[in-house]
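Presented as structure tokens, the chain that follows is alone, the form predicted alone.
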Amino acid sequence: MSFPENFLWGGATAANQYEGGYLSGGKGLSTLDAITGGDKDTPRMITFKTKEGEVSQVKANQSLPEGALGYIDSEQYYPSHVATDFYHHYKEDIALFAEMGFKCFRFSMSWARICPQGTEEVNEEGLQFYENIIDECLKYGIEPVVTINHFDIPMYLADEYDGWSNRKVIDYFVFFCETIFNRYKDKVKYWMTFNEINFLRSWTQIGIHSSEPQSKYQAAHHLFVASAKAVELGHSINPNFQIGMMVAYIPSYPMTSKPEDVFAAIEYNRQHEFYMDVQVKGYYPAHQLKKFEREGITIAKEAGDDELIAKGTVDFIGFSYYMSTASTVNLENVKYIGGNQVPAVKNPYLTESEWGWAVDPLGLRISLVQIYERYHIPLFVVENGFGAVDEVTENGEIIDDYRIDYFSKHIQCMKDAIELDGVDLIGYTPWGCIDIVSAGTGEMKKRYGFIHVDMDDQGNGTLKRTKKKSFDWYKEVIATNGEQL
């Protein structure tokens, strides 16, 4: 068989898109709690208060004015407040994951649920909630895979500290890590520090108010130091911990064989590789230092930062793969399509999803080969999936053959990467294994899951869980360890 005997088949979710339980059980406010819904034509918005006390909004990928505070307006709809309510359905959902045969379940812990302000005040009810989830997974033999921080930050740290631009936030994050490492040290083996660290760049994700490159890269340095400290701390608490990083990987191909296009693709791919280089190799790559020099960016470091980063390298690379893109210097001929958090260039050889994401199964094999041959440590595909509108038939069925087709082709390419290319791949957790709120658009109709949840874009619905056709298909894939596609 191509897949290792102990291969970690499972699924992945994020607290802010799935959990709900807004302010339940002592949870504090998160930046994502102030983000409205939307759709592919209507952008998500951040609601905030100005220094003068006026309520206003900006697009969710933009920065807030200096001194602005996150705000919850009772007239607005905020999808994270209920999401698809894992908070009250976790036993039912994990039982369904077990029925599919999951070997692991990747979920994130809300920092604000455990440390309501992100500081050193600990909420026992939040800790117990996640312990209940972990215990429920272990009851079925499902390995918990925990993302420590997934695309948000406690709102207090954003409002009072300007988020990750402030070095003090490193200490608060490490305290959060120490709290959960100690609490779950005998129950959780696999951890990832930051979700898609290369996409952490705004108030929504890291609590910073400035959109200037200087501010974003300074915040990134603080993230690197925090991750390295967490790795060292985790290994000291339990040497058997496997602590990884997580990056969004979107490989770019040269649009033509023109050398300038080839180099444009190299420059694009460096945007992902930089974040892996620091966390896997333990130092800033030379090309990034030259970029800082050209752009007048100066990273403020404390004595010992470089040594910390060098010592706190990760055990594995987790990455998301949804699509590929293309690079060219002839920008006047470029057509842009949808992308995972970034604009992507249309590749004439690929089809796209309804949301404009290029469908490229071979790109997953290419990604696995490129990453493994660059870093030579185990890889974990922790996000991959197909967002689509699912129709419920008159008899209540969801026939999602398009999703089955997408997954079968991508899994085949993973098999090829293992069997033909020798890639060390430890697991696969498709994104949104149960329907959750879309991170990019804030809508429900863009669905990824093997399990349907009755909820619409305005938050209306019964939250009833229903198996889609892909549920039984994925169950057979896991049962045959990837041989039956």
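These numbers were taken from a predicted model, which means no experiment stands behind them. Residue numbers run from 1 along the displayed sequence.
The following text describes the form predicted together with ligand BG6, which does not appear among the structures shown.
In summary, among the residues W111, Y322, W164, F194, the only one with a non-hydrogen atom within 4.5 Å of ligand BG6 in the predicted complex is Y322. The contact with ligand BG6 in the predicted complex, taken as any heavy atom within 4.5 Å, belongs to F151 out of F151, F176, F407, Y156. Residue contact check for Y268: none of its heavy atoms lie within 4.5 Å of ligand BG6 in the predicted complex. Contact between I35 and ligand BG6 in the predicted complex is not found at the 4.5 Å heavy atom cutoff.
Contact annotation for Q341: at least one heavy atom lies within 4.5 Å of ligand BG6 in the predicted complex. None of the heavy atoms of S63 is located within 4.5 Å of ligand BG6 in the predicted complex. Partner proximity in the predicted complex, defined as non-hydrogen atoms within 4.5 angstroms of ligand BG6, places exactly one of 53-61, 414-422, 431-439, 24-32 at the interface: 431-439.
Contacts to ligand BG6 in the predicted complex (heavy atom within 4.5 Å) from stretch 373-405: E383 only.
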